[in-house]
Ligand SMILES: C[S@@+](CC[C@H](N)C(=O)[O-])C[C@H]1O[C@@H](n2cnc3c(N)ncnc32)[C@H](O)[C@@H]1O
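Take a look at this single chain in structure tokens; it is the form predicted alone.
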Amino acid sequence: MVNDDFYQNNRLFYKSKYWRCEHQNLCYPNGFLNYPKKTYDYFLEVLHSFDTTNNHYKILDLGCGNGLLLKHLLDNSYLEIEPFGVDFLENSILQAKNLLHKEFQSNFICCNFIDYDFSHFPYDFVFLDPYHLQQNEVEFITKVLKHTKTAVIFYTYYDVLENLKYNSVKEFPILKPFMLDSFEHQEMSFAILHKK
């Protein structure tokens, strides 16, 4: 069952943390002071590890901030990518639509991603940090997988894992029911849920 207080408290926290004042630093609404090229390149590495033989890939980032990661993938991948993003901070989605993804404005939605209707499915890949989910929402992950053609790519940062006393993103209780492959990097942990 969805606890609206959990998501409302998170929304208020991130709004305060990332949008205390108007700014043009496109990194800050994603939790970075400077452009995180190395971090975003990890996502490219994971994405390119798949047998990608199609011409066009729809990628959905649940909790996309202003879409900076998706912009990095668009600019640096050899794949043809159509980006989709969902975030519950209106200012972040406005930056995505007006600055980073003008040609894909309709693909960026402001809502709690737990309420997203997956209207453009199927997506080839979905990015999701399980830290932003309540730990009893296994049904939501099943719903995400249902709307995905290739894989759901879970990720989190090692500072989060350290605070939770986990060694890998696979240790989140919400992910325990699933068979996952993992990739570990210097700053991040990834777990892949493949579509069968």
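In this text, residue numbers run from 1 along the sequence as written. In this text, all values refer to a predicted model and were calculated from it rather than measured experimentally.
There is another form of this protein, the form predicted in complex with the named molecule, and it is not shown here; the text below is about that form.
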Where, among 45-53, 145-153, 165-173, 58-66, do residues come within 4.5 Å of the named molecule in the predicted bound form by heavy atom distance?
-> 58-66
Residues Phe121, Met179 and Leu193 all lining the named molecule in the predicted bound form, heavy atom within 4.5 Å = no
Is Leu94 a contact residue for the named molecule in the predicted bound form, using a 4.5 Å heavy atom cut-off?
-> no
Considering only heavy atoms, tell me if Val86 and the named molecule come within 4.5 Å of each other in the predicted bound form.
-> yes
With the cut-off set at 4.5 Å between non-hydrogen atoms, does Pro130 touch the named molecule in the predicted bound form?
-> no
Is there any non-hydrogen atom of Phe108 lying within 4.5 Å of the named molecule in the predicted bound form?
-> no
Using a 4.5 Å cut-off on heavy atoms, which residues of 101-116 contact the named molecule in the predicted bound form?
-> Cys111, Asn112, Phe113
